[in-house]
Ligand SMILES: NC(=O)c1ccc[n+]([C@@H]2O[C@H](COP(=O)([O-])OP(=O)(O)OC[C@H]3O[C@@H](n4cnc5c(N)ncnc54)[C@H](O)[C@@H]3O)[C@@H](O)[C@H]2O)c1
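In structure tokens, the next block holds one chain alone, the form predicted alone.
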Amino acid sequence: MSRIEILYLSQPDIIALGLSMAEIIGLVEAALREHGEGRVEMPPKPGIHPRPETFIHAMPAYLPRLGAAGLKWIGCFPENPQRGLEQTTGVLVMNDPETGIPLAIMDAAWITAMRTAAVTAIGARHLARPDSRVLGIVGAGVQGHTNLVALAEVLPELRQVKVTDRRPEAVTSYLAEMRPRFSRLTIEPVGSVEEAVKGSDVIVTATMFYLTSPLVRAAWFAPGAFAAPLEADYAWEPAAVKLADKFVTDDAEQTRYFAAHGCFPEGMPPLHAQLGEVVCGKKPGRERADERTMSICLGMALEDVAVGRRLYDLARERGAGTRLPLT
């Protein structure tokens, strides 16, 4: 029997491969198109919950046309930063679709951060006004950073970014990092969620699951705006969510499951489409300048697996990572 080795890629290994946000958006959009066309295998993700308001999820997916198969094992523990640890950590295992043999195990936190932002950007590409100029970001953490990077790729008219966070030090760090990176943008701190949301053409809330009270009021969600809540509906009052003329999610079954287990306390709004259906042209995106549009995407394994396949191929081409014996 042949000896089997598995490629191990740490987070520094992955970052060193230099996969750009533009490339990740392309990979994720291709995966969403496959989902929209019904050409993926992706069972519901099971999970465990070792502590209150935490989870560790198993997320498998197979994309035949992309030659990508794998599973992400990802945990979110909101109290970790108080211990000097990252809130979100995990691994992605890639398999050979022909033999089932594990090919690689790699850090999943960086992939999760980047592909989540890519989904926001793809939603904006189809659901935001093309002339959107003002972005409001609530939450200056990892997703606040990556979502700006991704949205800057797809919104050429973007000029102003308003950012707020309950932690002043997070905003200070955000400005220090992002201002030099985006000279074409005016990035400014604001003192409240209301200031960040009001008057914004695109709104990203990157706060926390399990918030006990909403942060965004219906009166602040203006006609023509596109909203991307990254914490399901927890940061938005139900009346604000119901204002959306087009409500889009990544996976309808998954979103209905969340709705049955605590999300959307007044009922899930009528679903216009899954994002993949919009990407592949089965359902329309924005059709009027005054439409309020909202994309609540809870994350799909196919996004991670598509990016993981590309990272694996790049690592093999460049001799990156560490080979470990499996048998």
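Please read all numbers here as calculations on a predicted model, not as lab measurements. Don't overthink the numbering: it's just position in the shown sequence, from 1.
Form predicted in complex with the ligand: not shown, discussed below.
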Contacting member of 248, 241, 206, 121, with respect to the ligand in the predicted complex [4.5 Å, heavy atom]: 206
Heavy atom within 4.5 Å of the ligand in the predicted complex - the one residue of 190, 178, 170, 91 that qualifies: 170
Site test, 150, 155 and 200 vs the ligand in the predicted complex, non-hydrogen atom cutoff 4.5 Å: no
Interface membership of residue 268, the ligand in the predicted complex, 4.5 Å heavy atom rule: no
Residue 81 within 4.5 Å of the ligand in the predicted complex, heavy atoms: yes
Non-hydrogen atom contact residue 211 with the ligand in the predicted complex at 4.5 angstroms: yes
The ligand contact at residue 230 in the predicted complex, heavy atom, 4.5 Å: yes
Candidate stretches 126-134, 182-190, 92-100, 108-116 - the one whose heavy atoms come within 4.5 Å of the ligand in the predicted complex: 108-116
Interface residues of 297-326 toward the ligand, as seen in the predicted complex [heavy atoms, 4.5 Å]: 297, 298, 299
